[in-house]
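Before any questions on binding or motion, here is one chain by itself as structure tokens, the form predicted alone.
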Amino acid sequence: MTVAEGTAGPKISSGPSRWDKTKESLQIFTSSRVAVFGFVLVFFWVVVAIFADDCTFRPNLWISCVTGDRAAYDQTTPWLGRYSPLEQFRGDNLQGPSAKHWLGTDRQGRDLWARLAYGSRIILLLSPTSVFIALLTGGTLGVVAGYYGGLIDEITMRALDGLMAFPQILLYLVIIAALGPSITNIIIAIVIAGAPGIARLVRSLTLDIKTRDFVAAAETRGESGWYIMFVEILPNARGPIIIDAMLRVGYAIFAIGTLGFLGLGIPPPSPDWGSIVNQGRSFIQAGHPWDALWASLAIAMLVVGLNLMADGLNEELQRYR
């Protein structure tokens, strides 16, 4: 008896492709009307920030535009922003909404829509950047403490508990007052205040996931601890971490606005939304509420949008479990 050559055995499925996983993730997100509505609110300001002027397509001016460098604004061409946020229109001080100035002007005759448009670039750059750094810092501390446990866990968590004992706004004030108001120091303050909470979340997820069979299989294969933590554990905890990150970006936006309102944000003449609220509140009783109103609504749109995205995504993920 001869055995037929070339007989192929049953094909082994390699599982869903990366594109199929991406489509499934998008389907989970788009199936929630709450999440989609929140995305629309956030996406509006993302588009405004990108296309406020042509700075996005001139990388040599990126940092200068964010820091409010007057010379950088003079080199750019306004698009959606219509005007430079530093341009002063003589005789148009404290004007209400009009065809020339869609949202009115401030006490120095600067267009409020232009200042909000350029200010969105500051908010949408600083808040995700600071949360991303906090995720890297807190996530690493949390997964290490949760996986190894023992003395490492005890020392790490007690140190982070000490930071969490302080109210976040107090930490912001202390750090900014000590280091001075600047973009870098604002990021440092948000990272220090946010990393402990992220570490505690990641640690709790790690304590649960490390008892799973696939982690035991990786240990049996002789994989290193770093491989198990960052390849086996963290990818399987990404859902709650992503949802928490969305919420924390909203918290960071609110924190940046609060610091600007207190005079500890980005120094003028940068169009920081918090400073716009602070400068405009003294004119509310004089019949000019537009500065404080529009900037407050802009902050609320972003924070509410991010919260709706996180809530909607969390509800859909619960259904798929």
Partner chain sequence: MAKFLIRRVIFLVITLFLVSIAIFAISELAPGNIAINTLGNTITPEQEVSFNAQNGLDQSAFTRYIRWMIGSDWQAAQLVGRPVTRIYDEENDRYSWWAVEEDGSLFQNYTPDGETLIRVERQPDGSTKEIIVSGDVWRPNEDGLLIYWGVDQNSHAAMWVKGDDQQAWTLTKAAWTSQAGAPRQYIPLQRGLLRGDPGISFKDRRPVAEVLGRRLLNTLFLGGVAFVIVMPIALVLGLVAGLNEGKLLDRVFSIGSLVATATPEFASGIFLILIFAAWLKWFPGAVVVTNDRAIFENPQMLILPVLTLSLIELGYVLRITRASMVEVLKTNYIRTAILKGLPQRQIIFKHAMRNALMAPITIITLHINWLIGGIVIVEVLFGFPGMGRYILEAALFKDVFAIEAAAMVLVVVAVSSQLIADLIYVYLNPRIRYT
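Numbering follows the first chain given and starts at 1. The structure presented is a predicted model; accordingly, all values stated were derived computationally and were not measured.
The form predicted together with the partner chain exists for this protein as well; it is not shown, and the discussion that follows is about that form.
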Check: With the partner chain left out of view, which of Leu179, Ile152, Leu207, Val231 would have a heavy atom within 4.5 Å of it in the predicted bound form?
Finding: Leu179
Check: Of the options Ile183, Ile175, Leu103, Met246, which one has a non-hydrogen atom that comes within 4.5 Å of the partner chain in the predicted bound form?
Finding: Ile175
Notebook entry, point to check: Is it the case that Pro167, Leu293 and Leu308 all touch the partner chain in the predicted bound form, with a non-hydrogen atom of each within 4.5 angstroms?
Noted result: yes
Note to self: So in the predicted bound form, is the partner chain close enough to Thr258 to count as touching (4.5 Å, heavy atoms)?
What the structure shows: yes
Note to self: Taking any heavy atom pair closer than or equal to 4.5 Å as contact, tell me whether Val303 reaches the partner chain in the predicted bound form.
What the structure shows: yes
Check: Hey, in the predicted bound form, is Trp62 touching the partner chain, heavy atoms inside 4.5 Å?
Finding: no
Next item on the list: Considering only heavy atoms, tell me if Phe43 and the partner chain come within 4.5 Å of each other in the predicted bound form.
Entry: no
Checklist line | Residues of 131-147 having any heavy atom within 4.5 Å of the partner chain in the predicted bound form, listed in sequence order | finding: none
